[in-house]
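Shown here is one chain on its own, the form predicted on its own, set out as structure tokens.
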């Protein structure tokens, strides 16, 4: 039975770690917040004080952290993963970070004999809880083959994309599609409300046609209920779009609609809505039109 170190027990990481325990993996856990560590320990995980300790005596280390700086600190910093992991341990970063940061850390890990995969996920908190995440993987193909079954205890799919960083490139593409989809849905529903047409009926009428999508199906009921409890926060989606724009700049690829989406999220964050679920993007259009989607 594989032993896994899991670092980062936030909205996504905690239920993902729980699914590993349910699948029978032995787990070592670490987080800056003691509460989720205690929660996992009560279920049988071994609490660890540092990433270095977490990475000792394991087969795989998983990190699930907010952004590139946090992953760099946990992997490369003092008392970090690379100080504790033995050669041959597979490092799987499931955070959504900049592709170039993934490549830099993979090179540092490789120098210590530790293959690293970038394996960001899509599906939000419901997907993390229900083990239905879509997992996009970049890095060493042989390492992916060794951990694929482990990944599928947390997700419904785990697709190998290509070399190091390509998992995060795929995730950035995913986040562009999701953001623009939510924006389109929000703009459509506020148009309907402004024109004295019930947005809920519009949803029922169009969801089975070409306009229908998983994003529409997931976010529309939350919009109508005014439920913006975060499954995936606006501030985190803004972070992903920033990474997409930076990657676009680095590759010479303009992203005009991503720039527009980023500006919308920036305005919502400035208004104190950054911790709302990204379905709360509808509030930007409600403010523009003076109507409420409900």
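Here, rigid core means the biggest group of C-alpha atoms that superpose within 1.5 Å across both forms. Numbering follows the first chain given and starts at 1. Quantities reported herein were computed from a predicted structural model and do not represent experimental measurements.
What follows is about the form predicted together with a further copy of the same chain, which we do not show.
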Legend entry - Contact of residue 146 with a further copy of the same chain in the model of the complex (heavy atom, 4.5 Å): no
Inset, instruction - Indicate whether residue 73 is a 4.5 Å heavy atom neighbour of a further copy of the same chain in the model of the complex. - result: no
Inset, instruction - Report yes if any heavy atom of residue 212 sits within 4.5 Å of a heavy atom of a further copy of the same chain in the model of the complex; otherwise report no. - result: yes
Legend entry - Partner contact for residue 41 in the model of the complex: a further copy of the same chain, 4.5 angstroms, heavy atom: no
Legend entry - One residue of 141, 152, 180, 110 in contact with a further copy of the same chain, assessed in the model of the complex (non-hydrogen atom, 4.5 angstroms): 180
Legend entry - Which of 73-81, 125-133, 90-98, 169-177 sits within 4.5 Å of a further copy of the same chain in the model of the complex, heavy atom basis: 169-177
Inset, instruction - Note that a further copy of the same chain is not shown here; using its position in the model of the complex, name the residues of 261-280 with a heavy atom within 4.5 Å of it, in sequence order. - result: 261, 264, 278
Inset, instruction - Using a rigid core alignment, state whether the CA of residue 212 is displaced by 2 Å or more between this form and the one not shown. - result: yes
Legend entry - Per-residue C-alpha change between this form and the one not shown, residue 13, threshold 2 Å, rigid core fit: no
Legend entry - residue 36 C-alpha relocation of at least 2 Å between this form and the one not shown, rigid core basis: no
